[in-house]
Every structure is written in structure tokens, then in C-alpha cells.
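Quick setup: one chain, the form predicted alone, written in C-alpha cells, and binding and motion questions come after.
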Amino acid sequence: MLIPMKDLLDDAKKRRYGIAAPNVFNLESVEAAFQAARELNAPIILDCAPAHGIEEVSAIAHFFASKYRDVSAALNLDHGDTFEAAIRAIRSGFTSVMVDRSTLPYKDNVDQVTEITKIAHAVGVSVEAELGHVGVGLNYNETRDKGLTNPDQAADFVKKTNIDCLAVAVGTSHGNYKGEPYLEFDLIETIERNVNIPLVLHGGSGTGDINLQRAIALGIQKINLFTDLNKEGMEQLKSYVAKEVPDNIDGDNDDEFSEGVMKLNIREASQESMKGYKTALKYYMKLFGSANKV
């Protein structure tokens, strides 16, 4: 079932474990996430960016929530950078929205997050916001230190906005890292002491198992993932496509669809890629300590 993200993260904070938040973007990725959660008896947060189809992904997520009723899941708008996107997500059945105003001046960030939080809370939807700014891994050495979260602002930000979880910039980056990632663990610890809500880590992929486990131990509850899931999915897809194709398939013969003749098809290709996606996701669920937490 789909429930408010706040409920999942509050339990994770209480019991000191992390929840995987994979990016989902189509039917196959949503089902793979639900299957991984069921197989490990773990909570799951489905992150959907506006570009991946707010209404479409919501409909798919609600379908699989009714199919996998024993799974505790939240559907979160990831990096919602406009008022319109947040409202569309709320109307279409998301149980959480991320209001990303992290590149704006502090006062504007506070004001815009506060406005959407009031709307979301009125209908039982959780809110995530970002203080500081998590950059892109390809520019890691140039941008890592520029957007680190100010711990002295964190308590004020949470109090003024009334958000349910705070995304922090503590040394991670989105996408592939250029250079070796290193986290500000003292900063995580300080922020965790200054605020009383769950903390979110964007850019979990490629950050390193030890780094992630230590971050969770110090107060991170939600870890966003995509790049590593994508890599494993692509490796699985490459293995599938590398199958030898019979010489007698010319693309015009109906017999190519008969059993035992056609070795490759687009339906199976999609399923194969999702096997890798799910395998990587389950690995992280175990790493974060969320297995058997439902």
C-alpha cells in the first residue's frame, strides 16, 4: 500500500536504518521496486522526477500498490522545482513531494517550501526539501564544497517550513563521480543534533558501502539511488543482447516469432534490464538495514 513518506522515515529514524529510494520511470521499474520490497520485507520509497511522467507513474504505482498489498511504500515527487509539479503530484495521488528550491536564496527557499508544505499537509501528503545544494558528480572536485548545508540554518529552516524530512548536502553528488567521494560525517552528526526530523541523502550511487552505512548510523534515513541501478540494468541488458542471433532471421519471416527461433525481443530485453535494476536495489536495501523492517 502507498502511505505517507513521513510514516516510513519516522520509523527508520526511531530504529536507525535507511530506506532505499530508487528513481522509477515506467511500469517495469515500479514493479521491480515493489518486488524487491516484498522479497526482502522492506519499506520502499519510489522517487519519480517530473520529467518521467507524474500522472503516468502515479497510476502505475497505485496499480502495483493494490497488487502488492503487503508492501509498505511511499510515492515521492523527486526534485519538484515548480509549484505546478507539486500540485500535479498531490492531485494524482503522490504521498510525498520534494520541493526543491535549493539553488534559490535562503529566504526564497523558506517561503516557497512553506507555501507548498501548507497545501500538502492539508491533504496528508509529506514534504521533503533541500538545504544546501547537491551537485553533479562529473564536476565533483569543483562543486563539492560550494553547496554544503549550513548546520546553523538547518534548525531555523525546519522550524519555519514545517517539512517532514530534510535533504542535506554533505559531500555526495548526483550521477557518476569524477574523483573519490568523501563525506562530511561531522556535518551529518551536527545537523542531526540540530533538527528533529529524518534526513535525506541524495546521490547515494557510487558513494561507497562504508560511507553509506556510516551516514545511516549518524542520522541519514532516506538514500536516493539511480545511477548504480541503471548500471546493473544496462549490464544485464548487454548480456541479453549479446546472445547469438540465428542467421536465418531476416526480419520478414513470420517463423522468426516461433518458439526456439527468435532469441531476442524487446519485451524480454526490458525484463532482463530490470533484473539487474532489482538486484542492485536489493543489495542496497540489505546494506541499509531495511530488510525485515516492515
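The first residue of the shown sequence is 1; numbering continues from there. Source: prediction; values computed, not measured.
We do not show the form predicted in complex with 1,3-dihydroxyacetonephosphate, though everything after this point is about it.
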*Flag Gly203 as yes or no: does it have a non-hydrogen atom within 4.5 angstroms of any non-hydrogen atom of 1,3-dihydroxyacetonephosphate in the predicted complex?*
yes
*Is Gly179 close enough to touch 1,3-dihydroxyacetonephosphate in the predicted complex, meaning at least one heavy atom pair within 4.5 Å?*
no
*asked:* Does any part of Leu46 reach within 4.5 Å of 1,3-dihydroxyacetonephosphate in the predicted complex? Heavy atoms only, please.
replied: no
*Can Thr227 be called a contact residue for 1,3-dihydroxyacetonephosphate in the predicted complex at 4.5 Å between heavy atoms?*
yes
*Only one of Arg88, His133, Arg144, His174 comes within 4.5 Å of 1,3-dihydroxyacetonephosphate in the predicted complex by heavy atoms, so just point that one out.*
His174
_Just to confirm the contact call: exactly one of 102-110, 67-75, 211-219, 166-174 touches 1,3-dihydroxyacetonephosphate in the predicted complex at a 4.5 Å heavy atom cutoff, so which is it?_
166-174
